[in-house]
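A single chain, nothing else alongside it, follows as structure tokens in the form predicted on its own.
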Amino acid sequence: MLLYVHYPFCRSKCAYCGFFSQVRDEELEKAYFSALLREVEHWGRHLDRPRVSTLYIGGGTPSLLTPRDLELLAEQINRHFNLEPGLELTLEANPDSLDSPDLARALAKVGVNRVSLGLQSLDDSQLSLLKRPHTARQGLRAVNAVRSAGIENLGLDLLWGLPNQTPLDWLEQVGRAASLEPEHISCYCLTLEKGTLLQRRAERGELGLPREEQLEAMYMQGAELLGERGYLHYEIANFARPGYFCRHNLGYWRGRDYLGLGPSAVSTLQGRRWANPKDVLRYAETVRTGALGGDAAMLSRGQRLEEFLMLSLRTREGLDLDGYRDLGGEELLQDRAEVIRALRERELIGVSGRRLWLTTRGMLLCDSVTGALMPELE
């Protein structure tokens, strides 16, 4: 099983962020942390101390947690869950809260062996536009702090498709990030999430967003550059050196069971799915009353098929056609022969044996390709 913990607090709200997060509040944070420890105990008891292969602490900005709180959380999880040897323990971090070697060493001491660092950009003007709470210099200090702590699995997050960004600008960012020699690089295209500052500014016509052909050039050329630097393109937005794929996220894409803790966290166990409330106080009340998972619903056959196809195609290994058929789906090569032929002619997919995958350009157009292959269920 995969275990995810959501920490919902940040120093400030970024202009593009659509995740459930809010500015830090001391009383709310106390209520959150107390409820989180109780939720860990609840599920450990309810699931009979299940085995956990990966633990991912995301947010929000989990690097705002104090070393003592992280230690308490780690102890509680270890007490109520069966952590497998070689556990991958990832902590998301922002550079402004992880530019101290002492803090990075404290993370390593409680078992963090993988850090996902939200650089987003190494250009101060872009960071300012995104309302990020750090500078490019702080980003470099954070990288050095992680390395000085002996954490050997470092991932950097970058955003592309930013206002006024050109393909050359993006390639410079990718090159600078790769020169820092992280084990993993995630490259996410900026999306204008509803209700965010950037989305409102775009509606007012205040942002010069890249054109479609510029976005395609950024994606294709960025992927090519990272390949030249030794990074394998193993998922639509993710690149890693051999042996450093994010095991936690691979678990999601391969359809493994996962348990989410904290407000807004989603869980899928044994074909049932539920989500915690997107509000700290409602979450704490749900934990207090023992109503966790009360709205769980069974996934339908159609949902399971759609997710299997969609998630498989996100990865470079692609769709296992036998697995799809055995789950109750079509014999895809036969039933979608014309669609598959057209996609192959456009060089958007590849097929070999009993596996179908997206090319790099196909990954850029993943939603359209997946939609074309999606089953027509009654």
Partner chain sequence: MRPEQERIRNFSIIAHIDHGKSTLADRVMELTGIIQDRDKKEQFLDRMELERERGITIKSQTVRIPYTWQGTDYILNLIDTPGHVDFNYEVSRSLAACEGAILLVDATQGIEAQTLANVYLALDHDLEIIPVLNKVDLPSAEPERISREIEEAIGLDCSRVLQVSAKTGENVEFLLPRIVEDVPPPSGDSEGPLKSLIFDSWYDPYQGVVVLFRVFDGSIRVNQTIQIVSNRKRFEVNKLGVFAPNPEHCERLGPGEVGFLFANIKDLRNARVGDTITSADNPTPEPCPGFKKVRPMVFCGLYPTEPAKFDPLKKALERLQLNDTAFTFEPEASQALGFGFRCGFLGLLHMEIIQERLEREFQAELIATAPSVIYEVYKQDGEVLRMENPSELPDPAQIAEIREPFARMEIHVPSEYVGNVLKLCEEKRGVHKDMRYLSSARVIITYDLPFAEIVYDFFDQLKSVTRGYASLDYDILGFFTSDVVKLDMLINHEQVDALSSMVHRDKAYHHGRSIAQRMRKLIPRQLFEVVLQACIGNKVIARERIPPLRKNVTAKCYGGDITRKRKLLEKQKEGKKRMKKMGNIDIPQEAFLAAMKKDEED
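Model, not experiment: these values are computed from the prediction. Positions refer to the first chain, counted from 1.
The next section is about a form of this same protein that is not shown, the form predicted together with its partner chain.
At a distance of at most 4.5 angstroms from its partner chain in the model of the complex, none of the three residues 81, 87 and 244 contributes a non-hydrogen atom. Among heavy atoms of residue 273, some come within 4.5 Å of its partner chain in the model of the complex. Of the heavy atoms in residue 113, none are within 4.5 Å of its partner chain in the model of the complex. The closest non-hydrogen atom of residue 289 lies beyond 4.5 Å of its partner chain in the model of the complex. Shown alone here, residue 12 lies farther than 4.5 Å from its partner chain in the model of the complex, counting heavy atoms only.
Comment: 250-258 is the region of 250-258, 167-175, 146-154, 71-79 lying near its partner chain in the model of the complex, near meaning a non-hydrogen atom within 4.5 Å. Proximity to its partner chain in the model of the complex, defined as a heavy atom within 4.5 Å, singles out one entry of 140, 202, 237, 281, which is 237. Using a 4.5 Å cut-off on any heavy atom, the residues of 179-212 that reach its partner chain in the model of the complex are, in sequence order, 188, 189, 191, 193, 212.
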